[in-house]
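Here's a solo chain for you in structure tokens, the form predicted alone.
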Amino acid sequence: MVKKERIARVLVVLFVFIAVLIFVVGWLKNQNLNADSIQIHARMPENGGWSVTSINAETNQPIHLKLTSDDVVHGFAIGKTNHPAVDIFPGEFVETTLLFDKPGTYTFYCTRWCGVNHWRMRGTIDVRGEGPLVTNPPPAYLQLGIDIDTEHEAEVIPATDVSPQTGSLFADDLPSYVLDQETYFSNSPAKIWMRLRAEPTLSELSDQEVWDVVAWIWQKNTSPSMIETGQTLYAENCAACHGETGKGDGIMVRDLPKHDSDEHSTNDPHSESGMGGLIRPHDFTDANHVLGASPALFSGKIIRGGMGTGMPYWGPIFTEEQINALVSYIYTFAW
């Protein structure tokens, strides 16, 4: 009887030893697989933001990331790349692998609106190695010398809704410069209207018909697919502040005072008021504001942001094509 008990005890010890051994081997294997992984914790900006904000990498060498959230749902994405966004849920780890074939500095950011300072959740990946360095030419607003912080109210706006279809009827009578993309990009709709209004060949057109022509010009410089892309980008990245309908009443800014150029000494739509607090963005449905801005000016505002205010800088995030699509969509609010 005693001998059987000893055998049973030995077997129990042996089974426990084997179980522990299996666990340790599995743990060591897992540690080895993830030895090169970078673990990143996402937290609301007020609680620290990304636990890692700077990553060094080599071209064509994979980067393994283990992502988790310590509070609310976040998202992880790399600007100006095709890498899909990754959702990060509290208490759960998700793994993703990055691979860059060109050296340069890439920006990662949070894609989920996690709070009023959500846009501050940015980090960089410095990729070194062979190949042409990813660089961007100076943005158009700098090349054109546009001060994107000055007021840009339109000198004139349409009296009624515009009709690009009607404007197309006068296409053959238009001077060649209005169909040049550079003219479109560097001039506001109001400026183009004033130039066309002064053209002798268009003297028989009414003021509204000239506006129809301007609307047609703007339509020629975009496409339904660009508008659709701009709408998607706007909904995902802009609507929380600018509002779904562009009125500057997004959920993140509803408690802020409205922009009023008579009350605020600064001209930036997201800048601080005289009371030292943030104010709401401009109303994109206000034709006086939107039709007085050129595409280059709007592009500059998107690229640079609000210089330390609530307006994020999107230059490292959006491609040139995405920015142009956003600008095209912004004009639809005012037309």
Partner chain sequence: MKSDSVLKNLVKKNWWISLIVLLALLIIFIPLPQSQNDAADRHFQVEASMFQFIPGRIQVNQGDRITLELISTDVVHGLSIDGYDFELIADPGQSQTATFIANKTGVFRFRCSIACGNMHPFMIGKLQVGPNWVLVRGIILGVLAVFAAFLSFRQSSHIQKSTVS
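Since the model is a prediction, treat every value here as computed from it, not as a measurement. Positions refer to the first chain, counted from 1.
This next part talks about the form predicted together with its partner chain, which is not shown.
**Student:** Using a 4.5 Å heavy atom cut-off, are 63, 100 and 134 all in contact with its partner chain in the model of the complex?
**Tutor:** Answer is no for this spot.
**Student:** Sort through 252, 157, 140, 192 and report the residue having a heavy atom within 4.5 Å of its partner chain in the model of the complex.
**Tutor:** Checking each option against its partner chain in the model of the complex, the one that comes within 4.5 Å is 252.
**Student:** Just to confirm, with a 4.5 Å cut-off on non-hydrogen atoms, which of 125, 205, 114, 256 contacts its partner chain in the model of the complex?
**Tutor:** Partner contact (heavy atom, 4.5 Å) among the options: 114.
**Student:** Sort through 68-76, 214-222, 197-205, 101-109 and report the only stretch with a non-hydrogen atom within 4.5 Å of its partner chain in the model of the complex.
**Tutor:** Selected stretch: 68-76.
**Student:** Under a 4.5 Å heavy atom criterion, is residue 164 part of the interface with its partner chain in the model of the complex?
**Tutor:** Result no; residue 164 lies far from its partner chain in the model of the complex.
**Student:** Tell me, yes or no, whether residue 287 is in contact with its partner chain in the model of the complex, where a contact means a heavy atom of each within 4.5 Å.
**Tutor:** No, residue 287 is distant from the partner.
**Student:** So in the model of the complex, does any heavy atom of residue 179 sit within 4.5 Å of its partner chain?
**Tutor:** Result no; residue 179 lies far from its partner chain in the model of the complex.
**Student:** State yes or no: in the model of the complex, is some non-hydrogen atom of residue 235 no more than 4.5 angstroms from a non-hydrogen atom of its partner chain?
**Tutor:** Although its partner chain is absent here, residue 235 would touch it in the model of the complex, with heavy atoms inside 4.5 Å.
**Student:** Since the partner is left out here, which residues of 213-247 would have a heavy atom within 4.5 Å of its partner chain in the model of the complex?
**Tutor:** Heavy-atom contacts within 4.5 Å come from 235, 236, 239, 240, 244.
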